[in-house]
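Okay, here we've got a single chain as structure tokens, the form predicted alone, with questions on binding and movement later.
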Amino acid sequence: MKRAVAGMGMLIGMLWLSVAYSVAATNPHSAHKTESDVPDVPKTSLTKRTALNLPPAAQDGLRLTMREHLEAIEAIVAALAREDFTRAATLANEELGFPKHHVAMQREQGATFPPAYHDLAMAHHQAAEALGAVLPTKDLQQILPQLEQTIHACVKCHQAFRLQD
């Protein structure tokens, strides 16, 4: 039990550091930058993000997919807290990986997205599948950086794009 509590504390601390690190990496005044497989997008404020001009049904489908991605991240962290690496890997692969991309494409009903959005979406799915691949190792030294990359891919896309008002 003590090991699980200590592991949870470490996981929460690492996740907070990961989020802070992601924010610092996007700060133009930050001296510490990271290399990433996530494509670079122009640094913009939340009000200057590129609007994805999608039909209403496609917007609804994208909103649902984004909520499911967030719920999957939450469930992955919860599974890690329980040391249920098998469940975490299943979630990473099925809910964030390429199978979810195919579901999203059906929901979005053939809507056209900018190439930069597509590149970010592919980077997200690749990061999630890489996360799914390292989760069975049960090695947090491998898992947490890959979880950070997966979350970072989400952040990069949300920094660059928004739905219509």
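All residue numbers are counted from 1 along the displayed sequence. Since the model is a prediction, treat every value here as computed from it, not as a measurement.
Beyond the structure shown, there is the form predicted together with heme C, which is absent from this document and is the topic of what follows.
At a distance of at most 4.5 angstroms from heme C in the predicted complex, none of the three residues Phe85, Ala133 and Lys138 contributes a non-hydrogen atom. Contact annotation for Leu91: none of its heavy atoms lies within 4.5 Å of heme C in the predicted complex. Put simply, Ile73 is close to heme C in the predicted complex: some heavy atom of it is within 4.5 Å. Heavy atoms of Leu52 reach within 4.5 Å of heme C in the predicted complex, making it an interface residue. Under a 4.5 angstroms non-hydrogen atom cutoff, heme C in the predicted complex has Cys154 among its neighbouring residues. Within 4.5 angstroms of heme C in the predicted complex, the stretch 106-128 places a non-hydrogen atom from each of Tyr117, Leu120, Ala121, His124, taken in sequence order.
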